[in-house]
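Both blocks below hold the same protein chain, though in two forms, and each is given as structure tokens: structure 1 and structure 2.
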Structure 1
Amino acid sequence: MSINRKLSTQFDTIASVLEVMGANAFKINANRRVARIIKEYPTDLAEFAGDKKGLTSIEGIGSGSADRILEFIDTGQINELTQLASEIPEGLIDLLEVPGLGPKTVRRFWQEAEVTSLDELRKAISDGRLESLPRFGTKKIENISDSLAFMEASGDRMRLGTALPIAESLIETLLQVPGTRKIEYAGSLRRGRETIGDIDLLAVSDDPDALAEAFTTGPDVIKILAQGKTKCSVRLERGVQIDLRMIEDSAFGAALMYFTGSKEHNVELRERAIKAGQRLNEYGLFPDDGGEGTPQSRGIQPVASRTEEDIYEALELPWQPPELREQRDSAEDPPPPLVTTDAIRAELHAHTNASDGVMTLRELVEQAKSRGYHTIAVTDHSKSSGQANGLSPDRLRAHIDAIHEINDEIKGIRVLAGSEVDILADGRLDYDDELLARLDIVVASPHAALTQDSKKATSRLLAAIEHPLVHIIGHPTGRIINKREGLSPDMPRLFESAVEHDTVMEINANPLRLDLRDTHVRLAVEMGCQIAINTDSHRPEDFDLLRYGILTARRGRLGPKQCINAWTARKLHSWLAGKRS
């Protein structure tokens, strides 16, 4: 396994410690940058052992960082970090994770209120210790308290985008174990929820003992929580819990259904079975003979058990896609047609290295073309997103020319000149109308002022939706899962206005965002709003994030007709142009 992730964390921690200690901001930034470069570096940095020159040839990594990377490759640690870490209490770094708490505040908490951990912070809030600090009013303390509650509420579930690759990689490894016939993931992961509590795997194997052995002795396992004949449970690094259940192939469908849930969906199905004089459990759907004990233990043959489809059919119900097996969905409703990754033919929100992407314009277009798309929109950041190297009006004009040129040059795909233009706090857009009118597509997104109240957020977003030159509202709430709540506008009002003004709402497929979220999508779909599913790609591999957006869309019952990325080129281009006439 690559050392990049661990190494990246080390540099991030160095930056955090320096931050709390009040070091030079540029030095802190440089360390953060190195951390990011390492995290995103495509190959294992361990390959640079002894090659300082190679390391420093990477932009952003200088002599000092190269030395520390080499030290880490050699010894597995960075001495400077060990030294730095001894200067401050360990728990302070956690405090930096609290939204709204920065290094200055954390330092003051430490030195003036003896707060050195999240627990201490909670105590300090309740015993009023913080109120005696200058410049700390009730509002501020209340905000911190809310942030803490938010962290606690969402902190122990991992994001879909973390869980799914872990599950897939583990399945791939375990399928190599001799005797293993199949493994699938179930649970909330299969339902595509935005966060996952633990990962459930179901396996069929001719040699369950060997599979269990391989599972519990995997390289990332830090604790075995359970190890039995049919179920093993382990904890991996980073607090991930994984359950492996070994079952008979003949009962695979029943087990998959049972462990996919949701609990509410299972209850509904079981009640239905009872009414029909049957019993449903994880081993199958059985005729209920009124006898004691489980039907399978008494040798009763199931009516259905091998596949999910068999069981739904036996219950006289339509098969339900896992994404729709939530409390708010009825098992009796035939599922609507749902959008699929294969249906997506256009990416309408992507960045190049003109702003904060890593792809050149050409690389972006080629990447989109290789995915079989008929359209790619180039939507770099606007000027107010200074952090993201947003384009000044002059740079945007030149960028538009470059995009038109490449559109003429590269055949087989339409390249749209666009912008991801900031929706400023008061609802104004970041470029004037004359410039916006020159663009083929305008994605308007909120990036700053993401804590403003609901009323302001609503009028802010309404202003963008109603703007005649805006096509799509990008990541409408600006939330970051487990990290930032984002805006809470009046969604029904937004969707109503979006329908009226023919403006499209985005599902940002980045698993950190998934914004709109599933519940919003469902509402938007019901209200007749058109939806875009965009990856917001900054790197070539970001195009693969599409599947998270698709899962979210499907949970919101979005079909291909209402998803503009699934439209034909003719229909899409005609709609885009229509907003300009």
Structure 2
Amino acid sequence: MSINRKLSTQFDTIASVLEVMGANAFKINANRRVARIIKEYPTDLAEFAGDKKGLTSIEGIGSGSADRILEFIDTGQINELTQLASEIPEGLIDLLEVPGLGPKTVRRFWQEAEVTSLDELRKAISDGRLESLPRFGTKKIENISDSLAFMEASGDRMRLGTALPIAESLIETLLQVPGTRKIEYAGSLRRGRETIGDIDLLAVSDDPDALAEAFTTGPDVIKILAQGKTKCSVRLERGVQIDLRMIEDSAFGAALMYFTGSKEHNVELRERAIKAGQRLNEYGLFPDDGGEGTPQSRGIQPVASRTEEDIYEALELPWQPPELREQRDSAEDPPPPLVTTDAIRAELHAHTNASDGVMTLRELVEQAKSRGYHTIAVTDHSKSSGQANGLSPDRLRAHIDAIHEINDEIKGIRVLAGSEVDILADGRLDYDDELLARLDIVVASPHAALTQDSKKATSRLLAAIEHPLVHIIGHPTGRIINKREGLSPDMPRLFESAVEHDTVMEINANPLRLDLRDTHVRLAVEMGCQIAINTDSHRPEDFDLLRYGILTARRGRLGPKQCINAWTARKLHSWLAGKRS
């Protein structure tokens, strides 16, 4: 597993601590710049162990930064951060995790209100201490209190986009253990929930002891919670708990169904079995002979157990995709056709290095073409997104010309000249209509003023939905999972207007966002709204984030007919043109 993310976090934390301490801006910004370079570097920096010259050949990494990277590769820590952290109260670093509290604000709390921990912050809110600080009115303090509550409500749950690669990497490693025949992940991860409490793995092995030994002695394991013949539990360095269960192959389907859940889905299936004179547990579906104890302990043979499909069929129920096994879904309802990754034929929200992406225009187009897409939309940021190097009107005009040129040059894919245009706080768009009309596609997204009340947020987004030159509303709430709640507009009103104006709502597949969220998607589908699933790609590997958007879409019961990325080129381009007319 790449160390780049951990390294990037170390440099980012150094910058934040320096800012809390009041260090000079140059040193702070230098560390943040290195953090960004490391985060976006395409290969694992661990490959540079002992190679300082190689590290300094990377643009933006100087001699001092290279030394700290080498230190981390060698020891797993950076002494400078340890030293800096010792010079401030320990709890200040925890305060930096509160959504909306930047280093400068944390410094003010420390210096002016003696707030040095999360507990002290709660006390300062309740005893009125923060109100004595200049420019800290009631509304601002309420926002801080809400952020604290939101952070606490998120708990220790890990984002889907973090948990799934961990599970897949571990499975790949454990499958190399002699005797291991199959391993699958289950639980909320298999159901595609946006956050995961822990990771459940189910395995079939001819040598359970060898598999258990490999699992509990992995390089990322920091604590063994349990180790036995049928179950092992460990905690990884990243804080996640992983449970491994060794299952007989003949009962694998029953175990997979049981440990996938949800609890409510399992209860519904067990009640169905009882009504049919049967008993269902993690070992299989058994005839109920009225005996004491579990059927398998008394030698009763299961009616079905080897596969999930066998059990559903024996219960006279349609097989349910894991994404539809929540409380809101009925096991008796035949599942609708659901969109799949293979169905996607277009990416309609992507960035180049003209704004804040790392790919050139040509690299972006070639990346989309290599994935078999018939269309790629180039949608770099608009002028108000200064932090994302948004394009001025003149830069956008030149960009449109460049996109048209490469569209003429590269065959086999249609390249659309577009923009991700900011929806300003009052609902206006970031470019005038004359310039927007020159674009093939407009994705309008909120990026600022994301704490607006519901009424203002609804009005703001409705204005964009109703704008005749807007095709897609990108990440409509602007939320960041576990970090920022984002806007809370009246979703039914938005979807109703989107249907009326033939405007598409986006599922942003980036696992930090997954916005629209699954419950929104379900409502939009029921109301007849068209949906786009876009990766918001900034770098080549971001195209692989599509699967998270697909999982969210499937949880919302989205089929390929309502997903514009799954349309044929003719249908998609006809809609794009027809929307304008």
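As the structure is a computational prediction, the values presented were derived from the model and not from experiment. Counting starts at 1 with the first residue of structure 1 and goes up one by one along its sequence. We call the rigid core whatever largest set of C-alpha positions still superposes within 1.5 Å between the two forms.
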Same chain, two copies; the copy that is the form predicted alone is structure 2
Superposing on the rigid core, I want to see if residue 134 changes position between structure 1 and structure 2 - specifically a Cα shift of 2 Å or more. yes
Core superposed first: is there a CA shift of 2 Å or greater at residue 59 between structure 1 and structure 2? yes
Rigid core superposed, CA of residue 80 - does it shift 2 Å or more between structure 1 and structure 2? yes
State the core-superposed CA shift for residue 70 between structure 1 and structure 2, in Å to one decimal. 4.0
